[in-house]
Structure formats: structure tokens, C-alpha cells
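One chain comes next, on its own, written as C-alpha cells: the form predicted on its own.
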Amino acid sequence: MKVFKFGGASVKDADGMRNVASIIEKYNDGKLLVVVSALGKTTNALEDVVKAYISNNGEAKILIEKIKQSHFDICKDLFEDKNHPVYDQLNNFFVEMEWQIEEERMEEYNYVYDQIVSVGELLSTTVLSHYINEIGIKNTWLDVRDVIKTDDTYREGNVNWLKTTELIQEKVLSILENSIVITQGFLGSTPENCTTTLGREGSDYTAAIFTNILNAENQTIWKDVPGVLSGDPRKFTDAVLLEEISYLEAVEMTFYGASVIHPKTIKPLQNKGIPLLVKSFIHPENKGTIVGTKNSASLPPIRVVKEDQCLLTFHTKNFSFIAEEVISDLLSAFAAANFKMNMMQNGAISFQACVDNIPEKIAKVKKAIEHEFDIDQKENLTLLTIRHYNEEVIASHKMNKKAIIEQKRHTTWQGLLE
């Protein structure tokens, strides 16, 4: 039993769909569950639909039509029959989305976001499922919302593991006896069957949920890179492949912002000692990276860059010290906004937090504590994290940039650069 996850880059066009099908075909002799993301940049396009709907600027329907056309264009390339059932099924999803935007906005932003953005994965998996059936690979399309259950924290759904385990064992195991399963990443549903999402880029996590509950042999994430590298190859031309790393190293990398694996992916696998493979869908024959129980050997410096960072500085209005009670109020404000701090540091009467520049979350934090603090905000910063650093590597990456904050620990250096 294996679990595969294919991201949007792997199914961005008809040729991508054919390539994914060829990989699946090689593993058609055993039990296989395949988790798929939305095509290419579809999630970004659907986020634009949400913004247009919320702002009521009249562009939402135009944007939906563009998304529909791009999916239909792929289908025209994949299916000779112009009346193939795939068109009706795709159209049904678009009709439901159009009904959503025609209603007067009554619900909060995050709820609306999940109902619209979730359509991307439903579309991509419908196309892939029909296509691989067309070429003779028997499969069953599964609506993941029927088995992954969450609370009602929209955009960051918390999985109800007890109910999800019960449903996957009840509904999925029997299908896998006779068929490959094609399903969606990123999605879940509440007890009332309202769609939720598991956090941006959450399809890796979806695959890990299935891997854990189905006790799979392994999970493979198929990427457009050779595996886990010592840095983003688009930023670091000297990045090298890490052939094997431990769960701990993978957790550290994802915590600091490495995008090759979603942060929540590792725990469900580590709990059962199931290895994670990160491989290239461009060169599927290559080994890639194994993430598992083996402790990482000597590793090169591993660099993680997070752009578009914002530094929030909180000064106590009454000149009181940043003691435990004050820090507790600050941390509570960030927790209530579901907002992760990428770096933090405190002085006598000030506290600094480096965060992703997400205006609505920053506004929520400020509103919660502005009666206690004067707040300064500095934008357009870069957070650089180097695991397994040495002084020469730090110096070469800082170069002429000014570090506003620097922090060193035994194996990790971080600098907030402007």
C-alpha cells in the first residue's frame, strides 16, 4: 500500500496530466491512493475570485470563466470525445461556485474562502480520474470531504482524527481492494458538511493523514525538484540534494519555512515510523530524498529564505517590563489570530515579532492589544535561516545586508535582513 501526492506543478497542463498518468501506471500492480492538488496556479486564481466577490467589484464571474476555460482547454487536449462526461462534471462545480458568488455576502471571509478555493482540487482530480480511466487505469474518484472531518476553523481546519480514522477505514479500505483511489488534497469538512481547508499547501498533510490511517508502506511527494535540497535552487545555485534526512531535520526545516514539505506532514508519519520519499516527477527514476527514522549524518549548511516579512515592535504604554504576564497577553493575541511568529525577541519594555506580511492577521493582533502597547511596523524584510551554519557561510549570505535581528542556537542561525 502506497500513498502518492502530486502538486499543482505536476498537473498544470495536458502534458503534465499524461506524465502523472505514466507514473501511476508503473505502480498499478498494487494498492495505491493518489492525492492531487489544484492545477498550476488555480488556487491563486480562485483566491482572486474570493477577493473580487468580497469587494463586489463585478470581476468574480469573469475570473471564474477564465478558470473554466483553462480546464476545458486541457480536457480538449486529453479527450477526443467533445461530449465526454468530464465536461458536465466540471461544469457542475463551476455552476455551484457561480451560485455562491450570486448570493449576498452573509458569512465571514474565511468561510467564503474555503467554499470557493476548495473547488480547485475537485476540478483537477475529476480531470485526472477520467483521463487515467480513459487510458485503461481503473480508478475511483473519492470526495475527500466525505472522510476527512475537521472542526469549523476555516482555512486552518483541525482534523478530528477519531472520526476521520473511522471513515477512512470504513469507506476507503474496501475501494483499494479493487481500484486505485484518486482524491483531493487540502480539503476536509465540518460535522455539518461545510467545506474546510487544512492550510495553504496542505495537500502533503492530507496524504500523511491517509498514510498514517491506512498504515501505508510509504508516502511519496512528487515535486519539480530532485528531492529535498540544501536550499531553494532558484535562490542558491550551489544547493545540493540531501539523500537522507531524519524526521527531526525535516521538522526543523519546515518549521523555519522550507516549502518542499508542508509543516504538518511529518508527525503522522513519524508516529508510525513510515518513511517519506520526496522525488522528481520530471525524473521519476531517480532516488530522491528519504525522510525517516535514521539520524541525519553530517549535513551541509541548509538555507531557508522567507521573503515579504514584517517586523512588529510592541512598546508597553505604561513603561512596564516585558515580564511573563505581558508576554502571555501578546502570545494570546497571536494565538487568537492563528498567526505564527517566525522569530521573536524581547527587551526590557519592548517585544519584537517577525511575521509573514498578512494584513488581516496583523490587524487582528493590533486590535486585540493596542490598548496596552504602542506598535511599530517595518515591512519588506527577509528572514534567512541557516541550519548547520558556520561563520563563513553566515558572512557570505549577509554580504552588504543589514541584520536587524540575529539569533544563534547550537545548530541554527537566523537573521532578519533589510
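Note that residue numbering follows the sequence shown and begins at 1. Because the structure is a prediction, the values reported are computed rather than measured.
The next section is about a form of this same protein that is not shown, the form predicted together with aspartic acid.
A single residue from the set 200, 294, 267, 317 has any heavy atom within 4.5 angstroms of aspartic acid in the predicted bound form; that residue is 200. Picking from 381 to 389, 53 to 61, 355 to 363, 33 to 41 the stretch near aspartic acid in the predicted bound form, with a 4.5 Å limit on heavy atoms, gives 33 to 41. Of the heavy atoms in residue 210, none are within 4.5 Å of aspartic acid in the predicted bound form.
Aspartic acid in the predicted bound form is approached by residue 121, whose closest heavy atom lies within 4.5 angstroms of it. Along 246 to 277, no residue reaches a heavy atom to within 4.5 Å of aspartic acid in the predicted bound form.
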